[in-house]
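Before any questions on how it binds or moves, here is one chain, the form predicted on its own, in structure tokens.
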């Protein structure tokens, strides 16, 4: 039986090759990597493990043609996680290659699935989420923001597209249906297509693999919708950051093993000092046989988030395998870098909040 992933679940993937096979992805490998200009850290290290039709985006970049990037905000809490950081890093990369970015605030989805009132969702988006995205690297000058509840075109299109997805297909994609999930899914499909409403163009959606059902549903619906020749959306898929205890993807249900953004620098450092490693039971044994960085959460933090230089990362890997460095030193290094990141994030966040009025937030005519 195929391992199920969905936008509302929480699971650590054991075999990403199975996800590629079962969810209609293509592997993100050296072949596609070689075609991308100045690939970022996540791409170089194959933390981005899969894609769909990324060749369209590569072609648009190479030929300097128009393309768009879409990502979203689910304003259901007052914290982000490291997965969001990876999404924004991918958005930033495609922005730097010339893509126009659309950021939707999923206030209707938040209302339907999390019971967050629309006015509260707007408050959270403007006071926290949008400034946080900017602090993580989103370029506001190249970004258009909008709220689902204010976008009548998106709402109307979600209704128009609804007959193109059967209930059995929905079950195959998302699991057992419920009214809120169906509403949310149809709106997401329309959101993904929104950058093409005025001009048909390639669109890339950087996501974690748990969001794959939305992309698959959109691609299926587009093939059946004949009024507009929408281009099926492209996507990149990145791996999950494991929980600090190594048991699952980071989840807010396990606060001691979850790194949120923002988080008190000293508190996050203490969490990292307790993280699971690939070390031996004793220092003497580790010096003799070496550690297992491939099983170490701290090394995964270095790889995905904390060490930019590939040569430095490779040295840490080799020194760990040879027993030259110990887990305590790696934890201290990771904690120090993460503390600096949190302090830097807070400074950028406060600056973004002061400039919130300058953002390009789409206004729609009164209905």
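Positions refer to the first chain, counted from 1. Model, not experiment: these values are computed from the prediction.
Below, we turn to the form predicted in complex with a small molecule, even though it does not appear here.
Visitor: Only one of these stretches, 208 to 216, 90 to 98, 124 to 132, 164 to 172, has heavy atoms within 4.5 Å of the small molecule in the model of the complex; which one is it?
Guide: Of the options given, it is 208 to 216.
Visitor: Since exactly one of 42, 70, 57, 301 fits, which has a heavy atom within 4.5 Å of the small molecule in the model of the complex?
Guide: Partner contact (heavy atom, 4.5 Å) among the options: 70.
Visitor: Work out which of 259, 86, 104, 138 lies within 4.5 Å of the small molecule in the model of the complex, going by heavy atoms.
Guide: Checked against the cut-off, the match is 104.
Visitor: Mark residue 80 yes when one of its heavy atoms lies within 4.5 Å of a heavy atom of the small molecule in the model of the complex, and no otherwise.
Guide: Judged by the heavy-atom cut-off of 4.5 Å, residue 80 is well away from the small molecule in the model of the complex.
Visitor: Considering only heavy atoms, tell me if residue 74 and the small molecule come within 4.5 Å of each other in the model of the complex.
Guide: So residue 74 counts as contacting the small molecule.
Visitor: Looking in the model of the complex, any heavy atom of residue 192 within 4.5 Å of the small molecule?
Guide: Within the cut-off, so yes.
Visitor: Hey, in the model of the complex, is residue 241 touching the small molecule, heavy atoms inside 4.5 Å?
Guide: Although the small molecule is absent here, residue 241 would stay clear of it in the model of the complex, with no heavy atoms inside 4.5 Å.
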